[in-house]
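Presented below, as structure tokens, is a lone chain in the form predicted alone.
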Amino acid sequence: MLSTLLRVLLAGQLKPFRLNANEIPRFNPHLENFGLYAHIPFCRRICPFCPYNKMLYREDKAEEYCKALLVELRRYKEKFSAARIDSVYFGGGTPTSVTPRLVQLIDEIRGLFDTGKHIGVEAHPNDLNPENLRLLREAGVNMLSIGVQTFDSQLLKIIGRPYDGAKAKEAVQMALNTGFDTVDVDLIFALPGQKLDDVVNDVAMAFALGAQQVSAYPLIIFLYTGMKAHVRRLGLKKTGMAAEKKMLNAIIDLAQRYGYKRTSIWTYTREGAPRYSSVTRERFVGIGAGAASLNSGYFYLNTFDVEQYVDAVKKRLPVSVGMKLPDRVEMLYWLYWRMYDMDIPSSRFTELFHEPIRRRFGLLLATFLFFGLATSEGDSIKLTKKGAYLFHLVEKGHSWDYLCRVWAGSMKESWPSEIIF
């Protein structure tokens, strides 16, 4: 419902968007730069709350899959021979389940493309030992996001995480001692059975340990995961909106007291540290099963089926569905993620789209300013705390709607003919 409302009000489009199997991207060979995202779907255990494309780890499948990633990467080198990769992010799934292979992938990326200095990896606490951390750091990884979720051992049991609070703390400390530019502690709040004090304790622990960044996301229960049934079996209830808002405000206040800057709706970064963010690129290429891409005016998805992905990439790019973005929709995509960043730089919009942002979105921005949802600060329009809370609700609702339609549909069929959202 929310995605429909946003589409009508902001894109001016009554008809739903359609990702179509026949919409093959026409690549711009002169593309100058892009962010690279590589999806590693393997997990040693499936968490009931996780909405992402994943499968249980198997050594033979992991070996085969990582070879396929290299094939897909080389296909993109043929498409974008002169392009530079600004940033590299490995997400999942659990990328650190295949740490030695990540090192090989990074070497291959650097051999094919000129790359920037930001290389980030999502990590599972159980995978972080001195040897794996050394391998990642020596390979050039300078940002690590650790999926702690919570330091509370009882809550970890509730959400099905296979470690306790002491192990989570140890993993963060080891990562910090290894010397990454940014160690991000990834937390979830509004968990079933979680109280306000539990949230404060989690975030305070992450800050006290010295993490350069803390990401704190509200739990979103997606229809196609097992989380709703899991919570019901435990006799627990979903956290209400009022309690969730108190938790979010407590996190914001705590970050200010510890001297961290709020760098997006759900992230807090220490001054001077590079921000870990894998989802806010202006142009990006996704490789791997279920990876999304946005470049050359197209948005498209790879097949989510790991075996189908491995077979398809031998012959072609494994794109399942895509769509050519109308100019206004491409602009809205950019604007949406700048709102997530809480900072909309007007000159960057002009640089990208060759017209002033107020010509396209003047009424929207004026409305934000009038109601105190944003302030104008030089070149930028910045969301206020009030505006950020509104976008917190929008991001939750849109993520739920989009993933339940697009990702659930892609998981149901390896090669869907069409996905409507």
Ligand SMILES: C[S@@+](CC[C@H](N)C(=O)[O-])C[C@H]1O[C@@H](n2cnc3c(N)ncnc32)[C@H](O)[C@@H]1O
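Keep in mind it's a predicted model, so treat the numbers as computed, not measured. The first residue of the sequence shown is number 1, and the count goes up from there.
Heads up, the form predicted in complex with the ligand isn't pictured, but that's what we're talking about next.
Q: Determine whether any heavy atom of Thr267 comes within 4.5 Å of a heavy atom of the ligand in the predicted complex, and answer yes or no.
A: Although the ligand is absent here, Thr267 would stay clear of it in the predicted complex, with no heavy atoms inside 4.5 Å.
Q: Just checking whether Gly290 would be counted as a contact of the ligand in the predicted complex - the rule being heavy atoms within 4.5 angstroms.
A: No.
Q: Heavy atom to heavy atom, is Leu364 within 4.5 Å of the ligand in the predicted complex?
A: The answer is no: Leu364 has no heavy atom within 4.5 Å of the ligand.
Q: Even though the partner isn't displayed, in the predicted complex is Pro218 close enough to the ligand, meaning a heavy atom within 4.5 Å?
A: Pro218: yes, in contact with the ligand in the predicted complex.
Q: Of the options Leu70, Leu390, Leu369, Cys50, which one has a non-hydrogen atom that comes within 4.5 Å of the ligand in the predicted complex?
A: Checked against the cut-off, the match is Cys50.
Q: Just to be sure I understand the contacts: of Ser277, Gln212, Gln149, Gln194, which is the one whose heavy atoms reach within 4.5 angstroms of the ligand in the predicted complex?
A: After the contact test, the surviving option is Gln149.
Q: I need the one stretch from 86 to 94, 311 to 319, 339 to 347, 100 to 108 whose residues put non-hydrogen atoms within 4.5 angstroms of the ligand in the predicted complex.
A: In the other structure, the partner sits against 86 to 94.
Q: Check each residue of 106 to 134 against the ligand in the predicted complex and list those with a heavy atom within 4.5 Å, in sequence order.
A: If the 4.5 Å heavy-atom criterion is applied to the ligand in the predicted complex, 106 to 134 yields Glu122, Ala123, His124, Pro125.
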